[in-house]
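The chain below stands alone and is given in C-alpha cells; this is the form predicted alone.
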C-alpha cells in the first residue's frame, strides 16, 4: 500500500512541476499528426441519395432520444453531408454514394436499441436505390458506404454469439461500412471498414469543462457496471469477466475510485483523474474512450484485439495504456510502474485540441472532427479499383441469403 501511495504522490508532484516547465500540449510528430489534420475537401465527392422520410426523418420524429444516444452518429453524419462541401448533386461525378438510413433508432422505453428490424430496413433501402438509380448495380455497392453504429455493427444483434451467427448482412458485403464496432479477426468487422468513435454530446461535455490547472487527484477512475445480472445472471460472460475482475481485485484499493454509481460530477471527476478505465462491455467499445480523450484522462484500454477509432490517424499506443484482459488483476502494478515522464507526455498529447476534435461529432462541424476523419478515411481509399465495376449482367451478391426473417418486407 505504501508503495502505491508513494508512487501516486510522486506522479502528482511531477505533474505540478511539469505544468510550470513544459508546454501544455504536444503534437504527434510524423505521419500520425499529419494524417489527423488532413483536409478531405477537394479530395472526394459524395452523392447523398434522397430517400423517403420513413427511412430517416420520420423515425427520428417518433423518438427524438436517438439524437443523444451513443449510436447517433448515423443521424449527424446525414445532417453533416447535406451541407458539406464534399457533397455533389451530380451522381455522375461522385466518388462515393451514401444511403441515409437510421437503422439503430429503435429504442426500448429504457433507451436500449433494438436492431431486429434493421436488416429489413437496410434491404428495403437498397432495393429502392438499386431500382431507382443505376449506381448500385454498377458495383453492387462497392462504391457505397453505410453508417452502422450498433454494438456489433452490420451483424445487427447486441449479443455477440447471435451477432456472430448472423454475420454481416449479405447485401452489405461489398460496401464500405462505417461502424463503432472494431475487433480484429471478428466476423462483424470486414476488411476496409472505417472504425469510428461512438457519439458523445459535445456541447454537454464542453459545458462541464473545469480549469486546466485543476490537480488530477484521482489515480484510477471508473463508473459503470461490473456485472450485468439481468443479461448474464451467472457472471463471467459479460465483459468476458474483465469488469468483474476489476471490482473483485480493486474495490478496496484507495488508488481506485470505482463504483456502479454514476454521480452528477462524472465529467468533472474524469478531469481530476490520471487514468480512466475503458474496459469492454458486451462489445469492446464504449463512450468512455471518447470521454477520456476529451477530458485528458489517460485511457486504460482493456479489450483484447480491439480496433480503435481512426487508428490510422490517432496514435493510441502513445496516448493510452493497453492491458490484456487476463492481466486485469495486475492493474495496480502496471499503472504504478509507468514512469512519470511517460504519463506526462501522454497528458500533453491528450491536451492537443486536434486529438479531442477527432473524437467528436460537433454541430456545426469543425475542421478535423470525426466527420472529417470519416471523409479522410474514404478519400484514402480512392481511386477505386477498376475491378469493383461489374460486367453487364454480372451478379455477385446473393439477395436471398441470410435468415428468413430478414427477407420479409419492411
Partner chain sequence: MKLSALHQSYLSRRSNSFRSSGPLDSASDAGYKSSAAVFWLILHGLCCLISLVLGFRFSRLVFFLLFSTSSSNLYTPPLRSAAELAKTLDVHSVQSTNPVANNLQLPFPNKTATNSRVIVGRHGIRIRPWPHPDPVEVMKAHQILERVQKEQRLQFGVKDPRTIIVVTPTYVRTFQALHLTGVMHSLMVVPYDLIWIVMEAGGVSQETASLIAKSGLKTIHVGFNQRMPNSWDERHKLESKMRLHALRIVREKKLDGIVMFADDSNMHSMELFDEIQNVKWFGAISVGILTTSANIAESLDRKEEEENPRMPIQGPACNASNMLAGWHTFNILPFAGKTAVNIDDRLTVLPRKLEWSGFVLNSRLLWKGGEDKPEWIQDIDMLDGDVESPLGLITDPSVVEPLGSCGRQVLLWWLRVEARTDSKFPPRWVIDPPLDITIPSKRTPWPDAPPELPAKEKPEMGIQDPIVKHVTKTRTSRSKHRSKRKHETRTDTQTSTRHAEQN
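Fair warning: this is a prediction, and the values are worked out from it, not measured in the lab. Residue numbers count along the first chain shown, from 1.
This protein has a second form, the form predicted in complex with the partner chain, left out of what is shown; the following refers to that one.
- At a distance of at most 4.5 angstroms from the partner chain in the model of the complex, none of the three residues 127, 286 and 398 contributes a non-hydrogen atom.
- When contacts are judged by a 4.5 Å heavy atom cut-off, residue 195 does not count as touching the partner chain in the model of the complex.
- Proximity of residue 222 to the partner chain in the model of the complex falls outside the 4.5 Å heavy atom cutoff.
- Residue contact check for residue 234: one or more of its heavy atoms lie within 4.5 Å of the partner chain in the model of the complex.
- Put simply, residue 291 is far from the partner chain in the model of the complex: not one heavy atom of it is within 4.5 Å.
- Proximity to the partner chain in the model of the complex, taken as heavy atoms within 4.5 Å, picks out 304-312 from the listed stretches 304-312, 172-180, 83-91, 96-104.
- Note on the partner interface in the model of the complex: the residue among 281, 113, 241, 201 having a heavy atom within 4.5 angstroms of the partner chain is 241.
- This chain is drawn without the partner chain; in the model of the complex, the residue among 155, 77, 121, 335 with a heavy atom within 4.5 Å of it is 335.
- Of the residues in 340-372, those that come within 4.5 Å of the partner chain in the model of the complex through at least one heavy atom are, in sequence order, 340, 343, 344, 347.
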